[in-house]
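Below you'll find only one chain, the form predicted on its own, shown as structure tokens.
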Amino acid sequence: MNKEWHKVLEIIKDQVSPINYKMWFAKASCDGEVDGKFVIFVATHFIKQEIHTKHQDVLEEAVKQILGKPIPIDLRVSSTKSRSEENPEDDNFELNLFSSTPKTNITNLNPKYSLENFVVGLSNNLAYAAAQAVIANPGLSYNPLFLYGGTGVGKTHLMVGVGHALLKKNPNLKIIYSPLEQFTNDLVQGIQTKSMTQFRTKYRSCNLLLIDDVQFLSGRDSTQEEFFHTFNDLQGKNIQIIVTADRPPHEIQKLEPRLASRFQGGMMVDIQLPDFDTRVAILKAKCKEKGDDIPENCLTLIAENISTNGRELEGKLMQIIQTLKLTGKEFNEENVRFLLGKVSVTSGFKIDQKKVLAGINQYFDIKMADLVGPNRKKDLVRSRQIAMYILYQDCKLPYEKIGEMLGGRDHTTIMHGVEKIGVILNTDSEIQKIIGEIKQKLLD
């Protein structure tokens, strides 16, 4: 090995992590100074790109120290050496970093969430551009990609859409999509059954990690500890990580500074509520998806009256469509305006928070003690979550206040309940109907 190159490597070894040194520099070779440039050979274009993108400064400084002068670096992909001769395990080195996968691959990505049906507007165009950059250079452009915003603004849709897009590029990718709750449940099971090796293998052997609702890391010390090490392991191997939350890292209570720092070290994008034009585009897309031919003036009317998130916008559209179909009424501005007036989810209507719990009890015919108590029966849990959702979305109460009203529950429980109902509203017409009727009674 070139003596100068050996000294350069000694400096680099102290400047980068062991795994980065092993991946990017350990197998490189060098011809020294040729025609005024310091020529270095690496095994693949992928390694060349990685060094150029993330370690060029370290490399240039190390060469400068050894040669005593600055000199241009000429990174070349070796065409004369066989990687399998150097190390048989490295025969598919580039593939192993992102593309190596099992022969069979089953993902739990929601097929509804593709980038083809993601409506782009002023409120989310930056997030969409960041997603496209990730697809072009996974693990290199923005890692992690941290998407945050309120309920129903399209965070999960965009994140899962990236997964589908990368799966099209390589159908054998191993992709892990997991709400934070599932990550926690898997961790607890791993501890209880003494199968932590399997847990870590599951989350650390993927090619793409998608974690939803990381705000639920709040106050969960064991989950934060394991997530921190999983994050470090994947990032060290340049495996792309995408996470979503309802707020930026610095606003997540009881989040360890080291995790907040790692989230902030990538690309953070705030997805806002859709503007008017985007709301109209969302309604048109949903009508096309469902095969419903709705007059544009009716869609415009709905978009003007509902200025909340895309999920409630879609829910209201489906409610109006179903109501008019069931009653046999015509789709016109008069009938749509009437239905919008009956049950509105716009910010112009304020539901009295003092009436919500009593209204829930009356609607479901349950006792207040059961609603605010510890009973975990399925029907009670659903009623309780609907109360959480209305108190948060329509009364604009903070999670902590809602927790106090519901028997002193932790704010993370309230966050989970609100998100749960928000997700269900997207597809469950019965829940849409129930919440609409409850709101109507509360507004009367």
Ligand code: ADP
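Computed from a prediction, not measured in an experiment: that's the story for all the values here. Don't overthink the numbering: it's just position in the shown sequence, from 1.
Unshown form predicted in complex with the ligand; subsequent notes refer to it.
Residues placing heavy atoms within 4.5 Å of the ligand in the predicted bound form fall in a single listed stretch, namely 308-316, out of 308-316, 250-258, 292-300, 198-206.
Taking a 4.5 Å heavy atom cutoff to the ligand in the predicted bound form, the contact residue among 262, 174, 164, 157 is 157. The single contact residue among 151, 178, 223, 361, judged by any heavy atom lying within 4.5 Å of the ligand in the predicted bound form, is 151. Taking the partner from elsewhere, residue 216 is found to have every heavy atom lying beyond 4.5 Å of the ligand in the predicted bound form. Although the partner is absent here, residue 117 lies within 4.5 Å of the ligand in the predicted bound form, judged by heavy atoms. Using a 4.5 angstroms limit between non-hydrogen atoms, residue 355 is distant from the ligand in the predicted bound form. Contact check for residue 124: a heavy atom falls within 4.5 Å of the ligand in the predicted bound form.
Using a 4.5 Å heavy atom cutoff, none of 321, 325 and 433 lies near the ligand in the predicted bound form. By 3 Å or more, the C-alpha separation between residue 247 and residue 393 shrinks in the predicted bound form relative to the form shown here. Look at residue 393 and residue 301: in the predicted bound form their Cα atoms move 3 Å or more farther apart than in this form.
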